[in-house]
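The form predicted alone is given below as one chain in structure tokens.
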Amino acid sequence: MLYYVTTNPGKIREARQYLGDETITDYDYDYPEIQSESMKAIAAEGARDAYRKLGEPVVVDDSGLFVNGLEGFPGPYSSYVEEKLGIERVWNLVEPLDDRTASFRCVMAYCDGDPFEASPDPVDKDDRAAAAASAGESLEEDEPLAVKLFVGTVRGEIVAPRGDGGFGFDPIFEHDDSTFAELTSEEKNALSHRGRALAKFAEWYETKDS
């Protein structure tokens, strides 16, 4: 059984479109997020913690909104910023900027306790060392649990809030003339950062034991 570990029901709905109801079980576990500028490190250590908790194959993701005119802010801190400021205030910050372009990024991390061999998105020693150090581990002395990473990115622009669908920053992120909140879940999944990461993961997961 594959556990998609999240407290966000919107993420579960999107994941099931790629992985199916039979191959994914949502597990409402709020794993601790390490403080890091690297979403790869955050997602990797989240997957390790969730695997240690469950002892079963797990996948977690870390997503962020990167606004170019704000030098990439809020980035890895997107969830915290949304909770504390809300999307209206973020739009108010971006509205006066000359550059409102932005990107949504998602890093999906899979861990099943098996040794690391390869990943569709290479995980080099620096990435693993960053995650290990943030978790108080030593890469040289105590090799952390191997994690496979899958990355998805979509570019767009920050606009005034529109639409009633989606979640998070979807109402202020416009791609091809529509905000993510104006799209159906199927339309959003076909082009979103999480959908792109999920597509890579699903393709690999189907064949990993063959």
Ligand code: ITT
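As the structure is a prediction and not an experimental result, all values here were calculated from the model. Start at 1 with the first residue shown and count on from there.
The protein also exists as the form predicted in complex with this ligand; that form is not presented, and the subsequent description refers to it.
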Give me the residue from E56, D26, E182, E33 that has a heavy atom within 4.5 Å of this ligand in the predicted bound form.
E33
Given that the partner is absent here, does E82 sit within 4.5 Å of this ligand in the predicted bound form, heavy atoms only?
yes
Within a 4.5 Å heavy atom cut-off, is H193 in contact with this ligand in the predicted bound form?
yes
Is the gap between Y110 and this ligand in the predicted bound form 4.5 Å or less for some heavy atom pair?
no
Taking any heavy atom pair closer than or equal to 4.5 Å as contact, tell me whether E45 reaches this ligand in the predicted bound form.
no
Residue by residue through 54 to 81, which ones have a non-hydrogen atom no more than 4.5 angstroms from this ligand in the predicted bound form?
D61, D62, S63, S78, S79
